[in-house]
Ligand SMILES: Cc1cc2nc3c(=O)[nH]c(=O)nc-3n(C[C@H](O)[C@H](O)[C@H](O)COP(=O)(O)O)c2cc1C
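Only one chain is shown below, in structure tokens, and it's the form predicted alone.
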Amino acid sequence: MITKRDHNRKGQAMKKSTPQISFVAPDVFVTSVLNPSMRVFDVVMGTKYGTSYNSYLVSGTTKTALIETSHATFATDWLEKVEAVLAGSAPDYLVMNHNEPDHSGAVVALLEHYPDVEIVISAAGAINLRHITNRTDLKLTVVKDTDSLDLGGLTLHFMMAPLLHWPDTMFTWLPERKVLFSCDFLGAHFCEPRLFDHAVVYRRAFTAEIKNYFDSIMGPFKPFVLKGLDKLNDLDIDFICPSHGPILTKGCELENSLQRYREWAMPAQKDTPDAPHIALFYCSAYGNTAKLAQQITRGVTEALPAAQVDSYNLVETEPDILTAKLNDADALLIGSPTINRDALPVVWELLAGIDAINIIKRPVALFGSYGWSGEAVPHLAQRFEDLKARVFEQKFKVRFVPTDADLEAAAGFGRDFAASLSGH
């Protein structure tokens, strides 16, 4: 069984090419690999400072456990680090806190070297990993909330953390070393070669990437973020070891990150607590849909004077602002002209940022001007119905330029939608 003291003794005999071995705490080794050149992660977010695929190895007196693997692209580099830490022995367990391919990509390579490894995983994770590896011979041990694993003097405790940010996610807590393996939670795409938060030179850039990561990965799951934070309240944590980015340490960024996550996940405060926040989004090729948007806003405010109604031209507003407003509003109004028998691309780009969890049952109404056939509104309605939003039964469409009667009808549409929100 490998120990820190063994490594200190053996290290003198290692060749120069052997990967450097780093520690989080006694018997807790870092087996992460770095990807400083990555600029886009999973298509969904920019990563101008690269990232790391973090993995760890915990060595008890009787058993060893790896915590996750790496992206398949870096499987060889990762295995070299694992082998350097194990120094000829084999791991007993592989704990998979989450099974997205950037976490599980090297599982197959690991099993080729160590076929007897037992994989400790959540129930949802077991389903995912079978499909990711396309193997039916995995040695899986499914754990649930509060289960634990004895490694000999060190104990891994498992806490289910669903939707942070996949249904399969869990945390692993090592109380004897006060180390939390938090999976994607509290991570960042920030490639710090010295591994720890206190080594980061450009602290402002690091903090900005923590926020970027939260918005892109955790933002759609804010209620689950708060539940995840609550699970950590009673833990005396010295180190948070995420799956991406620097390790967070007590007295440096650990407390700051916990506080920021809670602030960012809290529901937005309304100017008038009992009044709905309604966000209206539109684009307009020749100003006709814009005219409808203006009158619909008038109708809503006439029916609900206390409501906060914010209107956004999709062409003139920054995408990150649009996404935040889209997901924070209590109700939505979406307007688009019809071009090429569909809504405009800028509208579909907006909808790509929808929080698919919290959009469920949220009131949505659709409107737009059209020339020939008018498919934009029904196509948008179908999308929201697929997302299980509460789509307003009226869909307001006007052909070409709205008349005065059309504009008054648009205001009536706004009043009717407002009435549906207030229960009138």
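Since we're looking at a predicted model, the values are computed, not measured. We number the residues from 1 along the sequence you see.
Below: the form predicted together with this ligand, not depicted.
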> Since exactly one of 216, 327, 128, 289 fits, which has a heavy atom within 4.5 Å of this ligand in the model of the complex?
Replying inline: 289
> Which one, 378, 26, 371, 50, lies within 4.5 Å of this ligand in the model of the complex by heavy atoms?
Replying inline: 371
> Based on heavy atom distances of at most 4.5 Å to this ligand in the model of the complex, which listed stretch, 280-288, 153-161, 76-84, 297-305, is the contact stretch?
Replying inline: 280-288
> Taking heavy atoms only, is residue 187 within 4.5 angstroms of this ligand in the model of the complex?
Replying inline: no
>> Even though the partner isn't displayed, in the model of the complex is residue 337 close enough to this ligand, meaning a heavy atom within 4.5 Å?
In response: yes
> So in the model of the complex, does any heavy atom of residue 341 sit within 4.5 Å of this ligand?
Replying inline: yes
> Who in 378-406 is close to this ligand in the model of the complex, meaning a heavy atom within 4.5 Å?
Replying inline: 400
